[in-house]
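So this first bit is one chain, no partners, the form predicted alone, shown in structure tokens.
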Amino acid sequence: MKYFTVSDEVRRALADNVPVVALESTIISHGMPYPQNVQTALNVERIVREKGCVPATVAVIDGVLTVGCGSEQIELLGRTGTAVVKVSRRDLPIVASRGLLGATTVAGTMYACKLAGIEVFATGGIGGAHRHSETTMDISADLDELQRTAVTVVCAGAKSILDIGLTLECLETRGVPVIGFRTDDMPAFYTRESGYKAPYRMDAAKEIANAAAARKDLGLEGGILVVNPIPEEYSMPADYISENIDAAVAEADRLGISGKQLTPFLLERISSLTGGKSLAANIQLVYNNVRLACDIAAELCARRDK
């Protein structure tokens, strides 16, 4: 394909049944400041390799949807920061045809996984239904991508800035299974509990891999969402983070910030209001999700070896 490429390392791993874990790039360009963003991305790739898997960071490089970015490309995304185009499914043809640098969202990364044949993807938190989305209709394309694209996505729940209840309702409507890993609760990114129940609970990576395989065998479209709570030692008090989120949302409303700019603004503002504590929590939950994603990918490969 003219606008799509897979690195040699990732291509060989997929051909040889070596577990591959996809990684998004908006967390590099829009989710964290430089240089923490690059340090985190490189640490994530190191963790994946230590778990015996191959990392596949996804981004659009000079108009080419690239699966398996190198360290120089990750550095470029981190240094360029929010000037990088944030790329969801709808943005791909525009960014590709214009030869731009783009960072893929959950939806954009899932589509790249579909093209490459990658089954497992780790991220921080998914997008979802924003507060007041029942009137604004501000609902992330991540949810529609989960409905149509067969990838198992591991996250720490929906971002705390969202309406968790509405997000769960949207996922149910779209037929997306939501599995709590070793929890009965729907985690909310910075905190382990949101006040909402996870529809299902599984306590082992093998169980999740079996569910993903069953979904495929049944011919069901779409993916599976695995919600993995932030490690307890890094979890933030719900009242504390809620107060800061409310303050950040109110400021965004005053400034008229919406659409693609909203989530990066809120994450940066919350980090500032918490004195960097939310950023530290964000980094740790990503590492935690990546480890689980590696275990699931390894189990899926083991099934194919039998």
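In this text the structure is predicted, and so the values were computed from the model without any measurement. Numbering starts at 1 and follows the sequence shown.
The next section is about a form of this same protein that is not shown, the form predicted together with pseudouridine-5'-monophosphate (PSU).
A.B. asks: Pick from 206 to 214, 121 to 129, 68 to 76, 222 to 230: which stretch has non-hydrogen atoms within 4.5 Å of pseudouridine-5'-monophosphate (PSU) in the predicted complex?
C.D. replies: Stretch with heavy atoms near the partner: 121 to 129.
A.B. asks: With a 4.5 Å heavy atom cut-off, would you call D142 a contact of pseudouridine-5'-monophosphate (PSU) in the predicted complex?
C.D. replies: Yes.
A.B. asks: With a 4.5 Å heavy atom cut-off, would you call M110 a contact of pseudouridine-5'-monophosphate (PSU) in the predicted complex?
C.D. replies: No.
A.B. asks: Is T167 close enough to touch pseudouridine-5'-monophosphate (PSU) in the predicted complex, meaning at least one heavy atom pair within 4.5 Å?
C.D. replies: Residue-level check for T167: no, no contact with pseudouridine-5'-monophosphate (PSU).
A.B. asks: I27 versus pseudouridine-5'-monophosphate (PSU), in the predicted complex: is there a non-hydrogen atom within 4.5 Å?
C.D. replies: Close contact exists here: in the predicted complex, I27 approaches pseudouridine-5'-monophosphate (PSU) to within 4.5 Å, heavy atoms only.
A.B. asks: Tell me, which of L267, A281, C53, I241 has a heavy atom within 4.5 angstroms of pseudouridine-5'-monophosphate (PSU) in the predicted complex?
C.D. replies: Comparing distances to pseudouridine-5'-monophosphate (PSU) in the predicted complex, the residue within 4.5 Å is L267.
A.B. asks: Among A188, L146, V106, V154, which has any heavy atom within 4.5 Å of pseudouridine-5'-monophosphate (PSU) in the predicted complex?
C.D. replies: Here the answer is residue option V106.
A.B. asks: Can you name the residues of 158 to 187 that have a heavy atom within 4.5 Å of pseudouridine-5'-monophosphate (PSU) in the predicted complex?
C.D. replies: Only a single residue, K159, comes within 4.5 Å of the partner.
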